[in-house]
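Read the single chain below, which is given as structure tokens and is the form predicted on its own.
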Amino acid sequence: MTEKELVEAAKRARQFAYSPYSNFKVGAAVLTKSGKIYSGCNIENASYGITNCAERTAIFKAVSEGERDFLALAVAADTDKPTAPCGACRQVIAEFKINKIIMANVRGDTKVVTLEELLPFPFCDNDMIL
């Protein structure tokens, strides 16, 4: 699986976005250690707080199928420069330790970052008092 193929999966997922309020369609695809790809799109709601981003949709689909180990995540939108995950998505990416994030736009521009670059100070299980 190449970076380009993962980005293309994210772009394909974009077409299913439900974004009647923002008209901002986003697609994402996550590659698991087992070699499977799970894709997702953003799904908006009139109650904005319960909108779900494409990145979380893809990750949650994978987790709901038993996947826990990830190699990379790609996210794509129709933006001038490669689109970056929001803060909530960054925290979910950190939770599952996805260390390679490929940010893209529909024109083919990409930027690859590590988890540490994306979210240098994540809240993680070590921070919880048990």
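Heads up: residue numbers just count along the shown sequence, starting at 1. Note that the structure is a prediction, hence the values are computed from the model and not measured.
Same protein, other form: the form predicted in complex with a small molecule, not shown, and the subject of what follows.
Visitor: Ile59, Ile102, Ile98, Cys53: which sits within 4.5 Å of the small molecule in the predicted complex by any heavy atom?
Guide: Flagged contact: Cys53.
Visitor: Between Ala94, Leu71, Cys86, Ile37, only one gets a heavy atom within 4.5 angstroms of the small molecule in the predicted complex; which residue is that?
Guide: After the contact test, the surviving option is Cys86.
Visitor: Tell me which stretch of 20-28, 5-13, 117-125, 103-111 has a heavy atom within 4.5 angstroms of the small molecule in the predicted complex.
Guide: Single hit among the candidates: 20-28.
Visitor: Please tell me whether any heavy atom belonging to Glu44 falls inside 4.5 Å of a heavy atom of the small molecule, as the geometry stands in the predicted complex.
Guide: Yes, contact at 4.5 Å.
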